[in-house]
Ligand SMILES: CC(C)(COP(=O)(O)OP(=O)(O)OC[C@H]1O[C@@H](n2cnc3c(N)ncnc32)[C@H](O)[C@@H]1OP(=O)(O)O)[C@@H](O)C(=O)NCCC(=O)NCCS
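A lone chain, given as C-alpha cells: the form predicted on its own.
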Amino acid sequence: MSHSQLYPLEINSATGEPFFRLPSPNDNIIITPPRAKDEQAVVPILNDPGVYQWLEGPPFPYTPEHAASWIPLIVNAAKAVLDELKEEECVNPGGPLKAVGDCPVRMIREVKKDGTDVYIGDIGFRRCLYEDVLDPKERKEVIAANDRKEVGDPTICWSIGNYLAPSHHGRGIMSMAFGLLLGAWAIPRMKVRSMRGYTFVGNTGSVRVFEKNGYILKGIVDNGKVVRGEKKLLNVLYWNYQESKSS
C-alpha cells in the first residue's frame, strides 16, 4: 500500500497544515510545524522559572529579539523538510517513503473548544552533542563524526530538547508527545536507532519523560557546566532501538 510522503502526519483540512494529535486523554493536544506568530508565544514561557531553570540553551531573560532570531530558523527548517517530501511526492509518486533528517512538526499546542489553538511547548530532535564525553578534543571529534553521517544512517546518535508551559505540567503531555514523535516519525522516517538524553540533576520530571519512553539512566556526570552562574550536574540517559523493542 502506497502512502503520501507526509505519512503518517494528518493534514488540517482548513489550513493544509500537517500535524500529529496526541491520543486520549490528551487528544486536544496537537504537534504542528512552527509558525511565525510563535515569536510572541514563546517569550512568556521561556521566562517562567518553571521552565528556564531546567534549560541551558535559551538566554535569560528571553526577549522578543531572541524569539525573532530563533523562530524563523526553525520555521525554515520545518519548511525545508516538508518541501523535500512534497518534491519527492512529485518526482516519485507512490514510491517508498523517503528518509529525512528532521521532524517537520515540533510545536505543542492545545486546541480549544472553538477550534483555535494555543502554543504550550516545543519538542525537537537534533544530532547528539555528547555532553557526557568529558575530554574536549574527543567530544569535538565525535560530534564532527556524527554530524558527517548521511541522512538515514542508523548509526547517527540523536538527542531531543523539549519544554512545556508549567500550566500543563503533570498531565503526561510531554511523555505522550515524545512517544508519539519517536514511534510515528523519528524511528520510521528518520531511521533513529540511538539516542542520548541529558537533564540537570534535580529535574525529576524530565527523567521520568525519558524513562517512560525507554531510556535507561546511566549515571551522573560533572562536565564543568555552569548555567547562569550555577554549577550543574547532568543526568545521562541512553536509548537504543533494539533494547526498547525487547523491553
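All residue numbers are counted from 1 along the displayed sequence. Given the structure is predicted, the values throughout are model-derived calculations rather than measurements.
In what follows, reference is made to the form predicted together with this ligand, a form of this protein that is not presented.
- Under a 4.5 angstroms non-hydrogen atom cutoff, this ligand in the predicted bound form lacks L82 among its neighbouring residues.
- Contact check for G115: every heavy atom lies farther than 4.5 Å from this ligand in the predicted bound form.
- Within this chain, P72 is remote from the site of this ligand in the predicted bound form, having no heavy atom within 4.5 Å.
- Using a 4.5 angstroms limit between non-hydrogen atoms, N47 is distant from this ligand in the predicted bound form.
- Contact with this ligand in the predicted bound form, judged as any non-hydrogen atom within 4.5 angstroms, is confined among 59-67, 32-40, 179-187, 207-215 to 207-215.
- Proximity to this ligand in the predicted bound form, taken as a non-hydrogen atom within 4.5 angstroms, holds for one residue of V100, A78, V133, I173, which is I173.
- Shown here without this ligand, the chain has G50, V51, W54, L55 in 38-57 lying with a heavy atom within 4.5 Å of that partner in the predicted bound form.
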